[in-house]
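Only one chain is shown below, in structure tokens, and it's the form predicted alone.
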Amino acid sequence: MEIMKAITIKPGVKNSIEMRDAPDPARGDDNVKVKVLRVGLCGTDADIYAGEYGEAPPGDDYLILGHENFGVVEETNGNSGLRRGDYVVSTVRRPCGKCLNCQQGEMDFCSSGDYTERGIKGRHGFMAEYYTESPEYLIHIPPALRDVAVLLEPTSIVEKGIDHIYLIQRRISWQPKRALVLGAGPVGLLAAAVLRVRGLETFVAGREPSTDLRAQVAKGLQASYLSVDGMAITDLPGKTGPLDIVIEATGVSSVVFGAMQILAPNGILCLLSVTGGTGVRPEPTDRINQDLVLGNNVVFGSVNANPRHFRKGVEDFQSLEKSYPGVLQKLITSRLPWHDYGQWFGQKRTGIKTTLEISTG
């Protein structure tokens, strides 16, 4: 049996992360073998490291971490449509095979709950030297996007949310002009980027000062940055004007309720952050209910993504590199050799996005 290195945890066991030997995955006749070049780190990885969730594949007592990925094809067959040396990003969720949505290729809407997710739930991830995958879940990456392609998985989440904003709003004649993104982390800034590609006047609201790199990235996208530390969410329309689209990407549940109160008539709020905990707070529920009803507003949540959203992300990356060259690269503020993973896990994190550099292939 061939052996490779991988970064693993024992699901449900806090601080159990380690780099260990794992079986090198053999390529089946229908699969593609990929050499991993880098992985992105995000809050989901931190939560799994903290023992909050995560599930090992059947038969294993460990889970290889990592779902944000970028690699190069090492081995393939003549029917995959891919060649050795092609750059790829893998999608994350795999269908349950039972529910109607999964049978229709919409595994991001799995209704049985029996889906698997690479590096998260029941399927090994990408913090390893190699992985194998069916070509239907691999997204071909143009060489010009090599340096930013690791951002494609979080971008796919944004692409799905914005795609569904426009699908939902087919209910009316609607020409959105102005959007606000709440939160200036990686997902928030990627949302701003996609909104700018769509031609919307875009505002990004964050707690960081206007001198912070996050603000500079927003300005590099020709979006307006609002430093809102200490400001009420409900005061924002006074600075932005009427808001047709609001995207929440803060991870703070109280922000959600404030965001419900700032939509223009016929506006729509997309929630992209997952909040944990058991917090309970008073909210102006009568006001919120009245605003949503009388404004014909919509609030919806979105998680995970379909392969088509990954492909749309590649398309938008190409547009962004043409219109705002170099801005996407500024989101990656730290590139760690993967043996130094301990500098991120369990540590106070700074910057915008950190990657683990696994290979230079």
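Source: prediction; values computed, not measured. So that there is no doubt, residue numbering starts at 1 and follows the sequence shown. If you superpose the two forms and keep the largest set of C-alpha atoms that fall within 1.5 Å, you have the rigid core.
One more form of this protein should be noted, the form predicted together with a further copy of the same chain, which is absent from this view; the next part is about it.
When a further copy of the same chain is considered in the predicted complex, E117 lines it closely, a heavy atom lying within 4.5 Å. Though the partner is left out of this view, T250 does not reach within 4.5 Å of a further copy of the same chain in the predicted complex, counting heavy atoms only. Using a 4.5 Å cutoff between non-hydrogen atoms, P186 counts as a contact of a further copy of the same chain in the predicted complex. Using a 4.5 angstroms threshold between heavy atoms, V204 stays clear of a further copy of the same chain in the predicted complex.
Each of M107, S111 and Y324 is positioned with at least one heavy atom within 4.5 Å of a further copy of the same chain in the predicted complex. Think of it this way: in the predicted complex, a further copy of the same chain has a heavy atom of just one of L145, L236, V88, L82 within 4.5 Å, and the residue is L145. Contacts with a further copy of the same chain in the predicted complex, taken as any heavy atom within 4.5 Å, map within 296-326 to N296, N297, V298, V299, F300, G301, S302, V303, N304, A305, N306, P307, R308, H309, F310, R311, K312, G313, V314, D316, F317, Q318, S319, L320, E321, Y324. If you fit the rigid core between this form and the one not shown, you'll see the Cα of I352 move by 2 angstroms or more. With the core held fixed between this form and the one not shown, P325 has its Cα displaced by at least 2 Å. Once the rigid core is overlaid between this form and the one not shown, G12 does not reach a Cα shift of 2 Å, moving by less than that. Cα-Cα spacing of P95 to F317 is enlarged in the predicted complex versus the present form (difference of at least 3 Å). Distance between the C-alpha atoms of G301 and N266: shorter by at least 3 Å in the predicted complex than in the displayed form.
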